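Consider the single chain below, provided in structure tokens and representing the form predicted alone.
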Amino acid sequence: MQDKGNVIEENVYLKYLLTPQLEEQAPRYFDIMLKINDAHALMLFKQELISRQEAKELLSVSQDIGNRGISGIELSAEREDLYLNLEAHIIQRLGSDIGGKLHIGRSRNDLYAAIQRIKCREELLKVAEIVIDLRETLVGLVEKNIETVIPGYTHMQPAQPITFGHYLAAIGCALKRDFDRLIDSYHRTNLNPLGAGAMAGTGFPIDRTLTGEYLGFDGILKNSLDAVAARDYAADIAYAMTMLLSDIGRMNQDFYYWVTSEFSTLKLPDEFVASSSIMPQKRNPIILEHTICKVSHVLGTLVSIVTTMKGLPYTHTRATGGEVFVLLWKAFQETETTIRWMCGLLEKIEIDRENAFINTRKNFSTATEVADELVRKMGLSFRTAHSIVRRAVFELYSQQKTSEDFTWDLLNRYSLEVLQKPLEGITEEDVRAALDPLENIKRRSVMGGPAPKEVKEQMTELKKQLQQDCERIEQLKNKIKSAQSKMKEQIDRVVNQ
């Protein structure tokens, strides 16, 4: 690039910021901007700020632009952004006296604030619907695995027996909360900033409620400065998606261990694994690796949004109005695609029931129930029973034996050591029953426990929640559709009369 005196040969601002920004922004915002223009034109007509004929021409040309699509507009970054390009096109077709009236009582600041909120609510509904699909798939898997015994872990060490259905029901509970967070952020997003103008409102007698009704907003951001400054909803959304992918990632981290030959609990379908360029036996679980990492990208978006906003003045800036969203659209895409492939994975994942049961039977995860049985049958305190069983287990560990080698005689020996008396009221059959993984699980019938009857109740609750959440989504979508129908009806009246 040559510097010719004080004139720079190339406009770097135009080349490196405005042009790529317009190319990315135009297809994403085009349809929404037309809808907002229509709502604004209708409102101006209702408030007698423009004539019926002016409204008719503005709405007619808007319909034509929409039918032709964005390719029907000559876009130039020299006009800076999509709105000014669209306004120039409208003025070219209708003249400044009519086309220029569309900007009465508004600013690009409140216009783009509205566009971003509408686009975010669209993406939120899309993600929420896919989360419902994931939850439905999960519940189906719960139903198939109510009595599928697996070891439960704490600190990545065998803890107590549970079922795969119980494990999946736990993930279902987490996904329900994730769904609720998405919907909570939706309601904080779906508020109307139109009418705030640049930041101080307008002297024209506009009707902010009317534009909000036409566009399906839930309410109004009343303070005009807040309306153009607030982008905290974007952080809400990023946080909701971060938690969602974090919960999904934690499940995938468990799967990542369970597909190893050391655990041999789960098997991934061939379509979700990759081989090695050198080792022919490899079945690399790459889908799990990708999924575990996706939360990092979305967390990065959350940090970026908060970091961008934290030091800004509380008003409209290009940082809040533009830079906040640079990564958010990508985060929506990352979240959506991750959930979609997780639906496919859960539909086809396989569990080795026999091997999972054998592992559970051997890894001492049933030892707690032996201590519980001493409490029941001998009236011991749990801490004393724990001490007896712990010593027996440690002896077997030191001999590299498994819980299958646990016997009444061994337990009795440590009863004599700790209590100075033999076992009373407990038989070999009692010990064997306590060590049986499925019997162990069936005894844990406390609310929310892994006993099959409790998991069935959890599954019933998850299904009930799913039904309610499906209805919530439909209500939100129907409200938007109703608003669009109302606006279309009003447009038809103006245009066709």
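Every value quoted in this text rests on a predicted model; they were computed, and no experiment measured them. The numbering used is simple: start at 1 and walk along the sequence shown.
The protein also exists as the form predicted in complex with another copy of the chain; that form is not presented, and the subsequent description refers to it.
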query: Stretch in contact in the predicted complex with another copy of the chain, which is absent here, among 69-77, 277-285, 119-127, 408-416 (heavy atoms within 4.5 Å); finding: 277-285
query: Selected contact from T427, T402, Q92, T337, since only one has a non-hydrogen atom within 4.5 angstroms of another copy of the chain in the predicted complex; finding: T337
query: Another copy of the chain contact in the predicted complex: G449, any heavy atom under 4.5 Å; finding: yes
query: Close approach of D232 to another copy of the chain in the predicted complex, 4.5 Å, heavy atom; finding: yes
query: Partner proximity in the predicted complex: L221 to another copy of the chain, non-hydrogen atom cutoff 4.5 Å; finding: yes
query: Interface membership of D31, another copy of the chain in the predicted complex, 4.5 Å heavy atom rule; finding: no
query: Neighbours of another copy of the chain in the predicted complex among 303-334 [non-hydrogen atom within 4.5 angstroms]; finding: V303, S304, V306, T307, T308, M309, K310, G311, L312, P313, Y314, T315, H316, T317, R318, A319, T320, E323, V326, L327, K330, E334
